[in-house]
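What follows is a single chain, given as structure tokens, in the form predicted alone.
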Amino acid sequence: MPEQQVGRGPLPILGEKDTQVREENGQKYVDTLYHHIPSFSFWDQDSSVVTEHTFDGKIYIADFFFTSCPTICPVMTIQMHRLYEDLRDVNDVVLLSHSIDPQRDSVAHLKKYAAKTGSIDAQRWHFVTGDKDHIYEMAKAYFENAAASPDAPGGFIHSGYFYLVDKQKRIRGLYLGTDEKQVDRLMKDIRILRNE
């Protein structure tokens, strides 16, 4: 798991980076290629297709959960709802919650879950489901260890982190979604990122 830099100033770009040499007008330039979230396609609680393009020009906060989770997910959802309320008037920041239990968390089930969470605008907070293998591959792109596990409460393991993703689809921070102080820090970091 990459470490979150603490302090003021620009937020770090998390993940491995690579370099690419290009030539332009006889000059060689070295470009830094940062880790970014790859293409994806899921369905949200309104049966709308949600892809990486849904977030073009937007910052977003992602997490991984499942609706039948008996441990950390209810706390995470409360903290995500805090973010939702804090960002109510901010048009360039949205939320993305991936279910890691697509067998039970159908579109209809996510619709009911979102309704129980509160008055949620699906354009501002997407609860998504889809192909299980694709969801778990996406989790890896966020450095998330999400998996089915018969020994885990509810049958699944995951970290409980919230991921701050910039407009270029790069991860700029991770925050324990069950810790109110870390979510408070996320709120501050969103403001920093919006001003970059």
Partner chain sequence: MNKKASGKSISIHFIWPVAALVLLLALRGLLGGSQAEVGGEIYQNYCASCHGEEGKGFGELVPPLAGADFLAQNQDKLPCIILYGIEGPIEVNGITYNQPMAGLGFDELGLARLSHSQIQQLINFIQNSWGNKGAEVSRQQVNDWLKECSKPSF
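This structure is a prediction, so every number in the text was calculated from the model and none was measured. Positions refer to the first chain, counted from 1.
Separately, the form predicted together with its partner chain exists; it is not shown, and the next lines address it.
Visitor: In the predicted complex, does each residue in the set C69, V75 and H81 place a non-hydrogen atom within 4.5 angstroms of its partner chain?
Guide: Every listed residue reaches its partner chain in the predicted complex, so yes.
Visitor: Hey, in the predicted complex, is R124 touching its partner chain, heavy atoms inside 4.5 Å?
Guide: Judged by the heavy-atom cut-off of 4.5 Å, R124 is well away from its partner chain in the predicted complex.
Visitor: Name the stretch: of 28 to 36, 60 to 68, 129 to 137, 44 to 52, exactly one has residues whose heavy atoms fall within 4.5 Å of its partner chain in the predicted complex.
Guide: Going through the listed ranges, the match is 60 to 68.
Visitor: From first to last in sequence, which residues of 108 to 137 have any non-hydrogen atom within 4.5 angstroms of its partner chain in the predicted complex?
Guide: Stretch hits, in order: Y113, K116, T117.
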